[in-house]
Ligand SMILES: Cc1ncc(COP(=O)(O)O)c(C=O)c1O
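As a starting point, one isolated chain is supplied in structure tokens, in the form predicted alone.
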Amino acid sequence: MLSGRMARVAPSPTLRVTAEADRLRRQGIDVVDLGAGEPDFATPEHIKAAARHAIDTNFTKYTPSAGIMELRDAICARYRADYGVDFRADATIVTAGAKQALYNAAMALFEEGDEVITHAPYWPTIPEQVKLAGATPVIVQTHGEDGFQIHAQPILDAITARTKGIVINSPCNPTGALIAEEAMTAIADVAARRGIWIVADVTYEKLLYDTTPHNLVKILLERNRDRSVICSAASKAYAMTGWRCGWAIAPAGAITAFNAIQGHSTSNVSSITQKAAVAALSGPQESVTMMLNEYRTRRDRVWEWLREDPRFTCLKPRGAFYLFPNCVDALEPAGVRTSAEFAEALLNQARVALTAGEGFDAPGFIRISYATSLDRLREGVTRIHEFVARRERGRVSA
């Protein structure tokens, strides 16, 4: 028999899509994978060189569970340069991706009887981790007609006497939406007065497509420093998903608690990965700009291609690398009732993998990752359009 907590948690829909696409590819089937939240770029060479050097110099032993001091100092320096904030290494911990940083925070801060507010559409891991901690996720909906903007007032209106935390994901996966600095300031000020934790998932912080101010880190550290946790990773900005390196920035006492959890679960991130992450954060940043520019091109092109069928409606995302189109008008022509059925039929019949909106608490939408080449994006969108048209012809002739 499994523990009772397993009844509260659901499998990751994004990982399920990745696994199914991989299964089909191993059978020799040509699948256009638009589901993966993973850069298709190679890890930059200077980062790989640092990892090779770590191996060659036998830096292959255990490290402190919270990470080597060189990397924790590099995190401090990177955020000082990027955001104009100062904190010490004892306010950081190195984790196996941002997912572990968020998990540590959920386990250390939330418990039975607590409510934790977050916004939808959401990355599915966020509410599931809250449930694993025994707390109750309180979901505030954002809306496609205004670009899924994360507004302060609906979040503030959801606060009750049981509210222990607020989780903000910006740029947001799956929508690419940003929270405005003014909204983050309003939330931080109320949270500070009421003793509420704010956990900010800024994993896509380097993938911003315009000049809109987005210094959430400075706002939180200036206005709610004693109860703010900032989670991020090297995964997206530096094309290091498989290296598994993230971090959290939080008050020293919270970091001590996170380290206790980590010390009894995974312990330290790979020593070799940590040296690579030092090179990523401390070395040249031109590769980050190069990838961002390429993502912008892809975003614009796939957005244009998708709109060749007006039944798909979508605003351009302002961050991350996902389109989140509304597909409701394409469902009936395709002979399906839900976006989940649409995604399943698309994979089985057209061999295109994407993630249905149901996994993000957004039925009627689909998530398309453009973290792949323009050729594959063109092929994928072409298959989507042909799938709908073919199914529609079949329904009419029947």
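In this text, residue numbers run from 1 along the sequence as written. Note that the coordinates shown come from a computational prediction; the quantities given were computed from them, not determined experimentally.
Quick note: we don't show the form predicted in complex with the named molecule, though the next part is all about it.
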Response to the item:
The stretch from 303-311, 262-270, 68-76, 230-238 that lies within 4.5 Å of the named molecule in the predicted complex, judged by heavy atoms, is 230-238
Fill in: Interface residue in the predicted complex among A98, L323, I219, A280, criterion: non-hydrogen atom within 4.5 angstroms of the named molecule
A98
Worksheet item: Which listed residue (N104, T175, N169, T92) meets the criterion of a heavy atom within 4.5 Å of the named molecule in the predicted complex?
Response: N169
Practice prompt. Flag this candidate site as yes only if F148, R318 and S369 all have a heavy atom within 4.5 Å of the named molecule in the predicted complex; otherwise mark no.
Written response: no
Discussion item. Residue-level contact is defined here as any heavy atom of the residue lying within 4.5 Å of the named molecule in the predicted complex; does G359 satisfy this criterion?
Written reply: no
Worksheet entry | Interface membership of P44, the named molecule in the predicted complex, 4.5 Å heavy atom rule | no
Worksheet item: Would R244 count as touching the named molecule in the predicted complex under a 4.5 Å heavy atom rule?
Response: yes
Worksheet item: Is F258 a contact residue for the named molecule in the predicted complex, using a 4.5 Å heavy atom cut-off?
Response: no
Worksheet, complete the sentence: Those residues of 20-54 with a non-hydrogen atom no more than 4.5 Å from the named molecule in the predicted complex are G37
